[in-house]
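Shown here is one chain on its own, the form predicted alone, set out as C-alpha cells.
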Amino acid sequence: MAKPKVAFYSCASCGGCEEAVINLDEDLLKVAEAVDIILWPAILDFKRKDIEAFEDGEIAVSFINGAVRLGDQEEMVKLLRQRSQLIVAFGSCAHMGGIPGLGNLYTRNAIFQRVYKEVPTVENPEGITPQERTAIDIGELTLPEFYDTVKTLDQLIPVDYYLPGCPPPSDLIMNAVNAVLNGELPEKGAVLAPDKPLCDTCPRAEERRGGVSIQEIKRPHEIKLSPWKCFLEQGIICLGPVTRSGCGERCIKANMPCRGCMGPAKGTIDQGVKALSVIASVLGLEEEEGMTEEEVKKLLDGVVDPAGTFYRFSLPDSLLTRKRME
C-alpha cells in the first residue's frame, strides 16, 4: 500500500518552523516511516517541476509555513493547493502573518530605501535596488516580485487547518500528523490547539491577586522580574489573556511575558484590539477618582511600540491589515 504523500514548504519565515519539525527527534523517524515526503526544500533537493508532475489531489497534506511576501511564493502555494487534499497553515506567519507581517507598516519602496541605501553598514553609492528583470550578456536574470503587502496563507488560498505557534510545539505537530494519518481531524477551518486562553493554564495564575491594576507600564529589561508573580501585576504587558494556550507556557517559564504567537481563541475577530481592551481595563483601577489626562498620557507612553506590542504576530490578519500606503 502506498504511503500518503506529504509536503513541507516555507514562504517568508525565519526557518524556526523547519527546526520545529526536526526537533521532533525520534518521532521524526516515525513520521518518515509512515509517509512519503515529496517536498521539503530546507532538507532535501526538490524542484517545482516535481510538484507539477503530480495529479491534482495526489498529495495527502501540505504543511506550509511563512507569510506570503514574494510572487514565487504565491505561485507555489497555489500549486500546492491544487495538488493537495489538505493544506495546513504551519506556524504564526502562515496563520496570521507573523513577524514578517510587521512589514505592512511600510511600503516596498520604503523597505528598499532603508535596506539598500540607508543602513549604516551598507555601501551602495549607486543606490542599486533589486530589479525583477536585469539584462546581462548571456540573457536575462529574473527575481520574484516583492509585494507591498505581506499576506497570510488563507488570504491567497483555502486553508483546511491551522497549526499555531512560533514555532508550533512538538506535541501539537505530532498530534496533527497523527490526526491526518488516522483520519481523526476536526471540522475544516479548525485551529489544532486547545481553545482556551493562556491565562487558564499559566503557572502564575494561582499567585494572581483578585484584581490587576497597572500604575506604570514597564519593559522587561527595566525591572527585576518576579519568577512567580503575574506579569500584568508587575506592569509588564502580557498577551496571555487574549492568546490561545497549547504552547506549554514556554515564554512564561523562561520568565518572559506572552507575546501572542499562538493567536487568539475561537471567536476573537482582532487579537490586537482585544489586547488593547484588556490592558485599558486594568489601567489605574486603584485610583478611586480616576486618572488625569496627563497621568493617562504618561502611562500610555510606557508602550514604546504599540503596533509591535499588540500586533507582533497578527497584523496582516487583523482589521487593520496594513498601514495606509502613500
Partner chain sequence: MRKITIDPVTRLEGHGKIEIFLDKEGEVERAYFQIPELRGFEKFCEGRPAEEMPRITQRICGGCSTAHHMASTKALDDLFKVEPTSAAKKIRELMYNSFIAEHHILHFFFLGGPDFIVGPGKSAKERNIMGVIAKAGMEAGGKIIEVRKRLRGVIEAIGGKVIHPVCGLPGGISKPVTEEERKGFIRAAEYLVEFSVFVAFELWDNIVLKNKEYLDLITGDVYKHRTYYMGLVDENNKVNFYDGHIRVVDPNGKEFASFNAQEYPDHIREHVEPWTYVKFSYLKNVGWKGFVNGEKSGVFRVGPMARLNAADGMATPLAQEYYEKMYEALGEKPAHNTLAFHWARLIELLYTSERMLDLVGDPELTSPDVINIPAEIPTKGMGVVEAPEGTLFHHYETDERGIVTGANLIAPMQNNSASICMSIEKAAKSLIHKGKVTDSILNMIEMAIRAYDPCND
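Numbering follows the first chain given and starts at 1. Every value quoted in this text rests on a predicted model; they were computed, and no experiment measured them.
Note that the form predicted together with its partner chain isn't included here; everything after this is about it.
Proximity of residue 241 to its partner chain in the model of the complex falls outside the 4.5 Å heavy atom cutoff.
Looking at residue 298, you'd find every heavy atom of it more than 4.5 angstroms from its partner chain in the model of the complex. At least one heavy atom of residue 140 is located within 4.5 Å of its partner chain in the model of the complex. Taking non-hydrogen atoms only, residue 144 approaches its partner chain to within 4.5 angstroms in the model of the complex. With the partner omitted here, the stretch from 245-253, 81-89, 188-196, 156-164 that lies within 4.5 Å of its partner chain by heavy atoms in the model of the complex is 245-253. The three marked residues, 48, 100 and 122, each reach its partner chain in the model of the complex, with a heavy atom inside 4.5 Å. Comment: its partner chain is not present in this chain, but in the model of the complex one of 111, 174, 181, 212 has a heavy atom within 4.5 Å of it, namely 111. Interface residues of 22-51, taken as those with a heavy atom within 4.5 Å of its partner chain in the model of the complex (partner not displayed): 22, 23, 25, 26, 29, 32, 41, 42, 43, 44, 45, 46, 47, 48, in sequence order.
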